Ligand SMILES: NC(=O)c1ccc[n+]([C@@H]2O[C@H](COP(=O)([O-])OP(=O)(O)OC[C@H]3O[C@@H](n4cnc5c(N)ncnc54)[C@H](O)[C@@H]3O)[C@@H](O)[C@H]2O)c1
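Here we start with a single chain on its own, the form predicted on its own, put down as structure tokens.
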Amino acid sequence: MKTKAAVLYEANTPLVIEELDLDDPKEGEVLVKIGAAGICRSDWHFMAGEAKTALPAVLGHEGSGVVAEVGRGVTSVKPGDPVILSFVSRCGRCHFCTTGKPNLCDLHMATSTTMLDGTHRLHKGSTNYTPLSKLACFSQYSVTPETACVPCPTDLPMDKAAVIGCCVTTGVGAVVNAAEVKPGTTVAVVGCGGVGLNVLQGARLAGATRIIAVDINEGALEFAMQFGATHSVNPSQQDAEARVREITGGLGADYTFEVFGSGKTVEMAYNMARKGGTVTIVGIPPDGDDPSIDAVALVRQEKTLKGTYYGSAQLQVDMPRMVELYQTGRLNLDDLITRSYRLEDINEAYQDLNRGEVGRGVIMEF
């Protein structure tokens, strides 16, 4: 079949809208009609050449849709089912899948530019196209592994389902699964984009009493107050680390989160944590942008420095929980989504992201 898609041919060039050939789903695979796709900075890293993948590629890793067809052996979904798309497709057999860490699946990572069987479904002539995260959500249709499809309620709007597929699960999961924030504690969140806003929401859900939003964008800081922030700090206007210590009675925050993705902000989050505090890295810095961490202070201050990928989530369990939290009014996704676009406007959407527009943009028309 044919599908219209946004293609990245070369870093630092606009995405190209064109028609590609899409193969039928193979065994254990599903054809999905994409309903919504989020505009996430993680895709921008590939567009800007800050991260590498095999090109040409169809990006888009935050999405939702409706099952159109299933391949042989698929049992968990059927045509007509709405699904949230997971950007990690677990194999169910590797060490990490079988020990409760399917977000770290070995096979998924070993086949990072193809489907799980090492082949492609998107083509044009003799050229294969990389499906980012085995999803390629910037397309009208996509073939995905069955394990990338998380069934969701029929009344869940597609845009809300899409953001649960990445920024919501990543942000909330970083708090409740990875850092295990305790009630009555203090939290500082460095970076208040789509994922950072959900770290703030996760901190509120966990019962943190002082939740400090840290960002150089004043609009983002003001927006963050809708998602659980009790204080805001702008590093471009003040000594952010000193201000966090002041807010926390001179101690530093019990928990800090880096959610922008740079060496400098990793260092900032580390320095904002109190002695014995926990520093959780959520953002992914560009290749070569490495932080400098004082290992002596790490020991003497007994800080915990850890990373979390995809909210350390068990996706088939945690995503339905996020749906329930939204439907019961405990997660604010209505205000999180501030812009909608057509697929043809995808380059404009990324211009808006880089201009610092607050909230999440979502492609809704394909």
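Values in this document were obtained by computation on a predicted structure and should not be read as measured data. We number the residues from 1 along the sequence you see.
Missing here is the form predicted in complex with this ligand; even so, the following discussion is about that form.
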property: Non-hydrogen atom contact C192 with this ligand in the predicted bound form at 4.5 angstroms; result: yes
property: This ligand contact in the predicted bound form: V282, any heavy atom under 4.5 Å; result: yes
property: Partner contact for H95 in the predicted bound form: this ligand, 4.5 angstroms, heavy atom; result: no
property: 4.5 Å heavy atom contact, T308 and this ligand in the predicted bound form; result: yes
property: Residue among T265, Q201, T130, T186 with a heavy atom within 4.5 Å of this ligand in the predicted bound form; result: T265
property: Option touching this ligand, based on a heavy atom within 4.5 Å in the predicted bound form, out of L116, A179, A220, A161; result: A220
property: Output flag, F87, V214 and L353 jointly within 4.5 Å of this ligand in the predicted bound form, heavy atom basis; result: yes
property: Stretch in contact, per heavy atom within 4.5 angstroms of this ligand in the predicted bound form, of 41-49, 296-304, 327-335, 22-30; result: 41-49
property: Interface residues of 139-157 toward this ligand, as seen in the predicted bound form [heavy atoms, 4.5 Å]; result: none
